[in-house]
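Before any questions on binding or motion, here is one chain by itself as structure tokens, the form predicted alone.
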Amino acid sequence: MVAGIVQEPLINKGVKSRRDTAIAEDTVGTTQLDTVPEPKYWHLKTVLSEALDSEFSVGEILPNERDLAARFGVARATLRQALEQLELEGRLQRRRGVGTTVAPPRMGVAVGSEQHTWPGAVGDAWQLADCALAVPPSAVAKALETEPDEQVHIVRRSRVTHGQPVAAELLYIPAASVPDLSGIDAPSGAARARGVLRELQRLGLESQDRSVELGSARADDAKELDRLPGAPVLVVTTRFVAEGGTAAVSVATYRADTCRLTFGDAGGVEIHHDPERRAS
């Protein structure tokens, strides 16, 4: 076990606990962070991770940054780096109006399968929220091969697992992919979104490809996912190909603290459930 670096437990519960021995007082008055070759915040992250495993329960609130920094004998900037790394690894969550809490095990959510299907097909786990016409981001417009100022249909969807929001999606569909929307009376909302997806499914889906990257939650995504702006997220971009061209582009933002992605032999992307909380 890694030796301790603080003068007192993270939370003084009035009794001697394993945390008192795991995070012990340095007898010479300086922390072991001063002698380790690795970055200070990384060593601090390791010690914090062991404390989370041994003494904290899921949902428990950590002391505030000022108290933690004082008890660990480190600068608040170093502490923030360690906490951010633990959040990125899914060990901690920063919740609005609550503070930093111990995160639950990551849950399983299927992102892709071996079969290529259109959004909204049978078995699709996404929930429709809205649909509107707007100009997409330049990168999306380039992928769709639309003009820079050309409006496209933007379908907004969300995904909830075990009552917890885990992903938000923006599905960009050019007018050329859904030419006949005359039968849709609703100008916006979930009803229009359903109509747009039904029309899209008339095309013969030839293929789809995905890319996954780590990103930071934008303000609108953070609000929908119950996260703080800038929180780590996993961005899955899917390009749907039909009739030799890009028929639609999906940009789905997943909570990095709840999702763990692995890639199977067939190319499908899945997010698996961690049956046990493991040390980082």
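Predicted model, so just to flag it, every value in this text is computed and none were measured. Here, rigid core means the biggest group of C-alpha atoms that superpose within 1.5 Å across both forms. Start at 1 with the first residue shown and count on from there.
Unshown form predicted together with the DNA; subsequent notes refer to it.
For a residue to qualify, one of its non-hydrogen atoms must sit within 4.5 Å of the DNA in the predicted complex; none of 45, 86 and 253 qualifies.
Although the partner is absent from this view, residue 70 stays clear of the DNA in the predicted complex, with no non-hydrogen atom inside 4.5 angstroms. The DNA is not drawn, but in the predicted complex it has no heavy atom within 4.5 Å of residue 137. Mapping the unseen interface onto this chain, residue 77 counts among the residues with a heavy atom inside 4.5 Å of the DNA in the predicted complex. Although the partner is absent from this view, residue 148 stays clear of the DNA in the predicted complex, with no non-hydrogen atom inside 4.5 angstroms.
Of the residues 94, 194, 156, 210, just one reaches the DNA in the predicted complex with a heavy atom at 4.5 Å or closer; this is 94. Looking at 97-105, 172-180, 198-206, 128-136, the stretch with residues near the DNA in the predicted complex, meaning non-hydrogen atoms within 4.5 angstroms, turns out to be 97-105. Core-aligned CA deviation for residue 70 between the shown form and the other one: 2 Å or greater. Put the two forms on the same core and the Cα of residue 94 is off by 2 Å or more between the shown form and the other one.
After superposition on the rigid core, the Cα of residue 43 moves by 2 Å or more between the shown form and the other one.
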